[in-house]
Ligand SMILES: Cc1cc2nc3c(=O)[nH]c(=O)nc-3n(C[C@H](O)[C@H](O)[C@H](O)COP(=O)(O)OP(=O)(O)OC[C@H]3O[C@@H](n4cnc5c(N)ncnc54)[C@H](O)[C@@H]3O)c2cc1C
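Next up: just one chain, as structure tokens, the form predicted on its own.
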Amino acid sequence: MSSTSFNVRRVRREIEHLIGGDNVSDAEIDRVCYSRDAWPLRLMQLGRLVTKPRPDLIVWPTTVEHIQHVLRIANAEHIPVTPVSGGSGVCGGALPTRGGIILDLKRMNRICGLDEESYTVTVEAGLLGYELEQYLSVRGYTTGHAPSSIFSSAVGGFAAARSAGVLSSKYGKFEEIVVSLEVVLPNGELLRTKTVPRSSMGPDLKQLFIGSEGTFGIITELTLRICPLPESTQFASFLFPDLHTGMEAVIRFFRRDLRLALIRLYDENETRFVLGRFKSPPEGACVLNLIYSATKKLVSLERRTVTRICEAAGAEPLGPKPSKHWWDNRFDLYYPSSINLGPGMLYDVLDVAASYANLETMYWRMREAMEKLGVSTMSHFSHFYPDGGNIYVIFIGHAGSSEEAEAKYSRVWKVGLEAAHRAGGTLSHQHGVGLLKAPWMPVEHGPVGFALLEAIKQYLDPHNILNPGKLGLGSKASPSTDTPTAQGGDSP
């Protein structure tokens, strides 16, 4: 039974006529496969065989014109359309909450051009991140964008969710890497922004779509800044007596205008986890992993300056091994694999950010609030900037049953986000919003800011067909005891 009211067979035939039968499916296996992304709550529900809501149709466009055809049909018939590229999001942003059409851009994965004079590359939105980096690296370039999901996430998704890779302290967040965009609007019209280094001709339209998670339009092509591959890459680690001392050292890096490729500070709990294979850290100690990546002369200067700062703060040099081990194994997702995630287990990661004035306070408040609910936490600060940084708060817990675990999961998220908000932080640094954080959008932006976003959505998408429910747009979402889809879907 479809969750939408359109005639699926008729619409399928109409789309097949325009873009070809091989690019459309309503097979049950495809509908089940596209009823999920990598949101841990959804994965917990799948463990109970909850596979609804499902899409009615899956469409794989291969051209911009295909997307325009589909959106014109969907707009005329008020059919929901959920865009997907990699499908690796962890907030439910690719879930088809109202059925309708999944628009999967993976077949739009061409590299359209490399401009070695301007240092830009133009690509289609369905290109996976690692494929782009492979193409660039053999030519001596990189975007510098290196998220942990790079093997399963696509360039369009990087823009749609305002992604930040682990090297963002040096290369910037993805919104800083994007030069221009091509976007298909809900009515099928095409918008292209200019490929220029910057412009003061009013607001920057591309930033309206970066972070909109497919609710304002579907990003189809991007021009990105590139950089030469670094001449030298070296690793270093230091053990600080406590979190505060390590944080103060990081701040001094930026005061000395040091832009290292990686600055990754672990709290005492995660330090025991990541450092245990090398040595047993003292109580309260925190490890700092670093990567220097630049010309040989600049790396040498950075190493000398950083070492002086760290040793002056009482840190113990650990050499390159801990940092190099993390880098070599960063795709293993070793946290979940190290515990038994059977029935009743719950886990996830809160990614928040704040200014340095609030960052440590936010960490302690979140840790206290979440641990009161009977979960264990460990945290790391993995993205630093001149004015602040982010925190990854990992939680792991157990409940008596799968249903109780899902309810507890939602409570942990609620108290964690409440604590982050009270401490002056943003409730998402890089994972986006999706369904998970949608009720918190009015809290994050305030009533005036959120009303403005709602007005933009209404203007661009009056029938609310594009990724409905995501970002809380068009749904009048507000914070409640549970996350918006802890109610999740019905049984198959």
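Source: prediction; values computed, not measured. Counting begins at 1, following the sequence as shown.
There is another form of this protein, the form predicted in complex with this ligand, and it is not shown here; the text below is about that form.
The stretch that touches this ligand in the model of the complex, counting heavy atoms within 4.5 Å, is 159-167, out of 301-309, 159-167, 356-364, 246-254. Screening 188, 87, 320, 241 for any heavy atom within 4.5 Å of this ligand in the model of the complex leaves a single hit, 87. The single contact residue among 390, 289, 271, 153, judged by any heavy atom lying within 4.5 Å of this ligand in the model of the complex, is 153.
Mapping the unseen interface onto this chain, residue 214 counts among the residues with a heavy atom inside 4.5 Å of this ligand in the model of the complex.
Using a 4.5 Å cutoff between non-hydrogen atoms, residue 68 does not count as a contact of this ligand in the model of the complex. Not displayed here, this ligand is kept clear of residue 416 by more than 4.5 Å at the level of heavy atoms in the model of the complex. Under a 4.5 angstroms non-hydrogen atom cutoff, this ligand in the model of the complex lacks residue 464 among its neighbouring residues.
In this stretch, 111-133, the one residue having a heavy atom within 4.5 Å of this ligand in the model of the complex is 125; the partner itself is omitted from this view.
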